[in-house]
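Only one chain is given next, in structure tokens, and it is the form predicted alone.
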Amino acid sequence: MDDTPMPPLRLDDLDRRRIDAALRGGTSRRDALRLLAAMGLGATAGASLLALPSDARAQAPRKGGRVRAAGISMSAADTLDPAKGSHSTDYTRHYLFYSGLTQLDGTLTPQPALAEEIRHEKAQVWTFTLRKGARFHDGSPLTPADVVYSLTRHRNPATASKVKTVAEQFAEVKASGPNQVQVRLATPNADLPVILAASHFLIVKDGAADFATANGTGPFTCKEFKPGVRTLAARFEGYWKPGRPYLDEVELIGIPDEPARVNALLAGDVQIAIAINARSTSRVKSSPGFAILETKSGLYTDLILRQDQAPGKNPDFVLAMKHLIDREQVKSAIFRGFAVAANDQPLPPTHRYFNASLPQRAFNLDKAKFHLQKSGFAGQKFPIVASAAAEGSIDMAVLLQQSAAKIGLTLQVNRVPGDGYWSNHWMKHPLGFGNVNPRPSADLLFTQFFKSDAPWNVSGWKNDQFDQLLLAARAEADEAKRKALYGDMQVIVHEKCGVGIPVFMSYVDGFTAKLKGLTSIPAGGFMGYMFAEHVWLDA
């Protein structure tokens, strides 16, 4: 069997700033190389970097300061348990306090994190060598037992993990040495390092069950956590990344109403706000001292037609609704061009496994009317639930309502508050909307949202052929064959699933110009929800 290591860690711009800051501060070449080694960079590459002149490296970050960040959601269901995270504010909170075995870079390539070396045998038996010196906030060292517990707890139904179906592929997780963990998968999966970078798989302490506070190895310690109110984080001086984080404190709050988030930003109440509506971008950019960061992504707000009840149980009604989606109008009128048209397939055009051969489903009133009449629901009235919590859904619902009226279908738009939407309304109505953050792994996206037994199987569909293709694609090592399998899965979703995907939206964050170090990580807004460890405040 082969024993294949992951590619070496690449140094990003922010890491270059760290090295530059160290050199300007009088750090010796030997100590700088040690810092590079701690970051996972080899000696040859490190020496090449140190050979660069100072002006070839970026300006050094500044330590200190406090940042208040506005997420999109907050409720009594807010959690410090990574396994139970269900929205972007949860994910951001978890990356404050915990670290994973791997971490995604700006190209969504997994890089070593708590695992400083990763090797595999035929993509089925994976060995993770843990980083020495990583400690939890309570001072205890990271051990293989912590990793074993963190990965295996997802399979326990009592954990109520959102990634239980993903974790079922972990056939065995065990300590294989004093500083090693071995994961044997039920079937090969070359995407495992990508999957383990997801916030749900962040590492907690062995035996952790009470998440009233957080005890992780992440960049910040939990100073205060009030579900539905705020999270306050303080810099962890023992963080395993030397020199990070730069901020003293980060306060995370949720402001579900987008205009209120923008007002809070421009008033100086928060220094960074996620999910800025495209209509607000010109206002933010024209305000002195503020800017926006656009990140193109696989983010989408989806029309959900529950297929376990009427009317979505009827496949013709589903097709009628999909033909009522005017994608170009959604792109231009609702998102002001900060989006690309989608085709009811969950992988964006930029994804390496995107099926470009699928004919684009067009806005077509004639086809919509044909399928509506065939379904037997012509002339009837149905409620459609929308909320500001699912970005753009209220405007999408209104457009659908207008188009549906032209073919003899009455849609009653029920607007519900953003506060508590995900726990009280999402997936609980025959017609509604959701919001899916991009997953760098196609396997993770399909497993979490489309597999028959997935907890987030939003339309409640069950398709045995899709499930079989998912398992086949996961085990397929040949890239061309794997792409073909994922292509077939997209065809099935496009034709049969009760999910309509109008566009893929760009992430747009608004921030004060004094906040430095922001770059795009396409896994999500807020730099893939990991902004806190990367940014600093200018003097």
Partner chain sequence: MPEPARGLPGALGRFRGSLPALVVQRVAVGLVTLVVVSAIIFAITSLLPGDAAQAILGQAATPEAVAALRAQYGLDQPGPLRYLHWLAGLATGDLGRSYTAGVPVADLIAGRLPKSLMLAATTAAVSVPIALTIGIVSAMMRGGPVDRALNLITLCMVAVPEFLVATIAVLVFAVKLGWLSALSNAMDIATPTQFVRAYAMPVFTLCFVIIAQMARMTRAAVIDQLSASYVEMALLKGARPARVALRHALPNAIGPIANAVALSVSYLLGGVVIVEAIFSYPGVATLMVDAVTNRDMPIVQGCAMIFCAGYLLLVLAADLIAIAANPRLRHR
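Positions refer to the first chain, counted from 1. Computed from a predicted structure; not experimentally measured.
Absent from the display: the form predicted together with its partner chain. The rest refers to it.
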Task: Every residue of Val270, Asn435 and Trp456 near its partner chain in the predicted bound form, heavy atom within 4.5 Å - done: yes
Open item on the list: Under a 4.5 angstroms heavy atom criterion, identify the one residue in Ala113, Leu319, Met74, Ala404 near its partner chain in the predicted bound form.
Closed with: Met74
Open item on the list: Considering non-hydrogen atoms and a 4.5 Å limit, which listed residue (Thr143, Thr127, Gln373, Thr165) is close to its partner chain in the predicted bound form?
Closed with: Thr165
TODO: Have a look at 497-505, 466-474, 66-74, 484-492 and name the one stretch with heavy atoms inside 4.5 Å of its partner chain in the predicted bound form.
DONE: 66-74
- [ ] Could you confirm whether Val229 comes within 4.5 Å of its partner chain in the predicted bound form, counting heavy atoms only?
- [x] yes
TODO: Evaluate Asp419 for contact with its partner chain in the predicted bound form, applying a 4.5 angstroms cut-off between non-hydrogen atoms, and reply yes or no.
DONE: yes
Task: Ala171, heavy atom within 4.5 angstroms of its partner chain in the predicted bound form - done: no
Task: Pro157, heavy atom within 4.5 angstroms of its partner chain in the predicted bound form - done: yes
